[in-house]
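Heads up, the chain below is alone and in the form predicted alone; it's given as structure tokens.
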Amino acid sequence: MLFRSKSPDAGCWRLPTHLSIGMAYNLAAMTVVVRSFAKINLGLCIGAGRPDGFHELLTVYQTIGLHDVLRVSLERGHGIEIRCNDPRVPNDESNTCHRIVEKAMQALRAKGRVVIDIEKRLPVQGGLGGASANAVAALLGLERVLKKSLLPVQRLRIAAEVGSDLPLFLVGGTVLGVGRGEQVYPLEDLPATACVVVTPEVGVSTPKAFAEWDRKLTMVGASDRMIELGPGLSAWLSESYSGAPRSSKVVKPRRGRAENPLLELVRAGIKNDFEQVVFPEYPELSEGKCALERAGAKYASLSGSGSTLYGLFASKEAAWAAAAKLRRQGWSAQATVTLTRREYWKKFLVSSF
């Protein structure tokens, strides 16, 4: 559970007690191993461009069980070293882990050489927030190694400075994202839901996807899209969390809704706007979404700007069977489950030594 910070910044939230200020235990550990969990986007609405070059966004982030593993160590000396088993991951100052650790070391007035070893299991440029999750995991691992902690407000500020979707990983579970995605608000957790993640062998550039979106908007003259930003997502949120009907008509209770409101996505009609510009450029992504639906997904979507696709299933058995079927068809598919906030933090720390 998260609690609202006593800080005057009403939008900030502090971590669970075991990961907040009191997390600086008297540990002798100099190496910490943490899991870096992925996210999917339950709908993503793109609004108008902002003066800072970003776009207004409205999305619901949801953490899932797929993850990388990070080992954060502190040695004598100075500097930051990034190691990774995937050569596509940069090991210089452009790496999000490097940037966030550098800022944290300055804020904590800490000294030493920080080594971050990333065991990459999530796809690069996959829309699962892998690099952002790595950065937050590195930050929290660093705090444990140093036996020092940033204030919750400092964590959120530093995370937002490094990247738009970093703050969500300081919350976990089901999270509302607004602004450029960095303003995050914990939502009541939705039940754990089985899902299948498909990762085609293409990489989608987020800046290029936004550029194509802007070009598309210019062509159709949709400059006032902000007025209609996210009606489907807003309706789904309203009904999923309040139980309010979407019309004044008397409706019969829908079987299964109480057990799994995530599957109401298909009825609410929410979508990821990036599909409009990414699918024409990468037809295999559209094919992957169709393959998920044919395999029994109740709802399928692109995550972020791609290239990862996911499908939500009515049961774990259905998801595991679908993943096996998709692999036989030649798709790279993994079955997993969504993570509630409690499970996210429970599984975050692997070990300290």
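All residue numbers are counted from 1 along the displayed sequence. It should be emphasised that the depicted structure is a prediction, and the values quoted were computed from it without experimental measurement.
This next part talks about the form predicted in complex with cytidine-5'-monophosphate, which is not shown.
Residue heavy atoms within 4.5 Å of cytidine-5'-monophosphate in the predicted complex occur in exactly one stretch of 306-314, 30-38, 322-330, 55-63, and that stretch is 55-63. Looking at residue 279, you'd find every heavy atom of it more than 4.5 angstroms from cytidine-5'-monophosphate in the predicted complex.
By the criterion of a heavy atom within 4.5 Å, residue 87 is excluded from the residues contacting cytidine-5'-monophosphate in the predicted complex. Within 4.5 Å of any heavy atom of cytidine-5'-monophosphate in the predicted complex lies no heavy atom of residue 112. cytidine-5'-monophosphate is not drawn, but in the predicted complex it has no heavy atom within 4.5 Å of residue 186.
The three marked residues, 199, 289 and 301, fail to reach cytidine-5'-monophosphate in the predicted complex, with no heavy atom of any inside 4.5 Å.
Checking 164, 272, 193, 95 against cytidine-5'-monophosphate in the predicted complex, a heavy atom within 4.5 Å turns up for just one residue: 164. Just one of 103, 71, 180, 120 comes within 4.5 Å of cytidine-5'-monophosphate in the predicted complex, counting any heavy atom, and that one is 180. Contacts with cytidine-5'-monophosphate in the predicted complex, taken as any heavy atom within 4.5 Å, map within 199-213 to 206, 207, 210.
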